[in-house]
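Only one chain is included here, represented as structure tokens and corresponding to the form predicted on its own.
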Amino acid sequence: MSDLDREGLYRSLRRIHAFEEAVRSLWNEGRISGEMHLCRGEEAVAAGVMAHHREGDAVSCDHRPHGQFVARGVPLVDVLAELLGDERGLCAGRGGHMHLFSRRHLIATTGIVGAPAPLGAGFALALMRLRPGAAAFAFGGDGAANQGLFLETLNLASAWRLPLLLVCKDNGWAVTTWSKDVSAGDPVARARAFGLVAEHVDGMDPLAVWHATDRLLAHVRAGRGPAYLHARCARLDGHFLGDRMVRAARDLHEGADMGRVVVQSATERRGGRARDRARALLRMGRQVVRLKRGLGGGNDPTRLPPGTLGLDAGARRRIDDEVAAEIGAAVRAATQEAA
């Protein structure tokens, strides 16, 4: 069993959150180009799992990798420089946020949906042969869990008893589709059917994530095979920053503009039956309502109730101030380099 560092866990949670807020600001200012997928809502999963990372472990990430990179201790200036397209970045500014790599820290990102699982299995196979006792971590979403390469990884990892921890960050969305509408069965039961030890956990509770990860990694590091952690969390942004679906839900002008197009299309003489169109409109309305609920501050895992993690208000304020200063300094350094 690992020793719980409550202050370190809170600091990691706040560092991830503050980093994502800084990235959001840089993107809104036009300093970062292209799509940007933030992990806001997943901070507790990244912090709770990565608190168990040891030197020599390897990590594979999906298209929302910032939480794992921050928790891993990759220099923040190097990550920010990469996002800014600066040659001093992790990949000389050529990869962007979906292709973050650090060989020194044994952490890698892939933007291919579901690909972190086989990438993590490859890491695990190498570790099993070269570093007994080390483990590979593979992070993905609930939509990715339906990909064929993910299911093949469950099979092979179990058959070869790989030291692999698969982490599903289940925010309920597969891009713009509700995962429950396209997923059969229970994800933990599915993993267990392949022979993995598996657990559900509240991904909004960093302490619960920490304890669940501790139990599963004890199994993995002992050489008894892979494990699967299914963490329910939230997605506090759209699929990407600037996602029109979210902006429409937040902005009355854009929402009305988008709504007029949809209603006009539904009332055209050509097309499907009126009953089918009405049902489609109703479904869309329900999706918007669900989305707006999911974007609420009550789903922010970094807003912990007083007393959580055993830290008093003074300790929290001190850590928050230190984190704010650290992130601010990293942003200043990275933007000066980019300039």
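As the structure is a prediction and not an experimental result, all values here were calculated from the model. So that there is no doubt, residue numbering starts at 1 and follows the sequence shown.
The form predicted together with a small molecule exists for this protein as well; it is not shown, and the discussion that follows is about that form.
Student: Is there a heavy atom of G89 no more than 4.5 Å from a heavy atom of the small molecule in the predicted bound form?
Tutor: So G89 does not count as contacting the small molecule.
Student: Does any heavy atom of D237 come within 4.5 Å of a heavy atom of the small molecule in the predicted bound form?
Tutor: Contact with the small molecule, no.
Student: Is there any non-hydrogen atom of V175 lying within 4.5 Å of the small molecule in the predicted bound form?
Tutor: V175: contacts the small molecule in the predicted bound form.
Student: Quick one: does A144 come within 4.5 Å of the small molecule in the predicted bound form, counting heavy atoms only?
Tutor: Yes, A144 is a contact residue.
Student: Quick one: find which of 195-203, 150-158, 106-114, 124-132 has residues within 4.5 Å of the small molecule in the predicted bound form by heavy atom distance.
Tutor: In short, 106-114.
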